[in-house]
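Presented below, as structure tokens, is a lone chain in the form predicted alone.
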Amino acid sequence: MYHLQGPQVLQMLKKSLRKSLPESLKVYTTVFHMNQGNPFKLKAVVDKWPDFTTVVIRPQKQEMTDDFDHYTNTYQIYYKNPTNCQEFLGASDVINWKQHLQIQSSQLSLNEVIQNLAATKSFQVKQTHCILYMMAETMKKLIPSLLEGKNVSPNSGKPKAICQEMFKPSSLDVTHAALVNKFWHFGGNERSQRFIERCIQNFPTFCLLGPEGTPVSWNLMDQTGELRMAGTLPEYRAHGLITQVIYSHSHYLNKLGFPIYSHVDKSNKTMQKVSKKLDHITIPCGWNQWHCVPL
């Protein structure tokens, strides 16, 4: 196992991962943000260097002190060879299978590796497979081949204007974490709220403040650079607020040079329509997460 440290080595890794997009997307974007200050103190490990076959991005061990905090105990994985990957992930010092944890990857085929490991390491696994979207401008830079046949103009996707007197653009602060946590599909508990607080403190956020001066619609970014946890208060839905929020947030981040992507549950038809309105393009490999719990 090789620990990759320093901006030059991480830049080499990012350059190599770019050649394997979109399958390497989740790892590529995480490494991108590790080179932007690495606020979550993540580390990259590979089975070999520079000719790696498996990359694992994970928190440092001193960060993973809570065995039940799968939000913190999250790993991003990209592999080229399933046999090598299973052997590498099965090593005792790569993943702590005795903890509650999450694995994220743009490779659906990783499921077979994880299921095999579940049988030998004795843990239960729940897989989540969602639709993966990417902003057209990001796709043009990173994976232009996926735009072939797509009719996307530079100014397309701009939402209708909202009442600026009623809704004021702003950013979230840490006191808003409880509100976001309440409406987040994967949240609703103390550990998820701590994770949200950390995201708010370390990454750009965007929200619209309602007449009372509190957020009515919002969007965040996690440690992998993915746009996540978007939400709107029930009484303000169906007014185009979330479309405006995601549009404004993504264009701001795009100007900073960040890759813009997100996932939407297959049953969430509303957000699928929002993504389509914004001209966010679907990526064939999808978004994949495995929630692992030791037996």
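Computed from a prediction, not measured in an experiment: that's the story for all the values here. Position 1 is the first residue in the sequence shown; the rest follow in order.
Form predicted in complex with a small molecule: not shown, discussed below.
- The contact with the small molecule in the predicted bound form, taken as any heavy atom within 4.5 Å, belongs to 268 out of 268, 254, 248, 38.
- The partner is absent here; in the predicted bound form, the one residue of 13, 21, 274, 283 having a heavy atom within 4.5 Å of the small molecule is 274.
- Shown alone here, residue 230 lies within 4.5 Å of the small molecule in the predicted bound form, counting heavy atoms only.
- At the 4.5 Å threshold, heavy atoms of residue 263 reach the small molecule in the predicted bound form.
- Contact between residue 57 and the small molecule in the predicted bound form is not found at the 4.5 Å heavy atom cutoff.
- Shown alone here, residue 239 lies within 4.5 Å of the small molecule in the predicted bound form, counting heavy atoms only.
- Heavy atoms within 4.5 Å of the small molecule in the predicted bound form are found in one stretch of 24 to 32, 39 to 47, 66 to 74, 239 to 247, which is 239 to 247.
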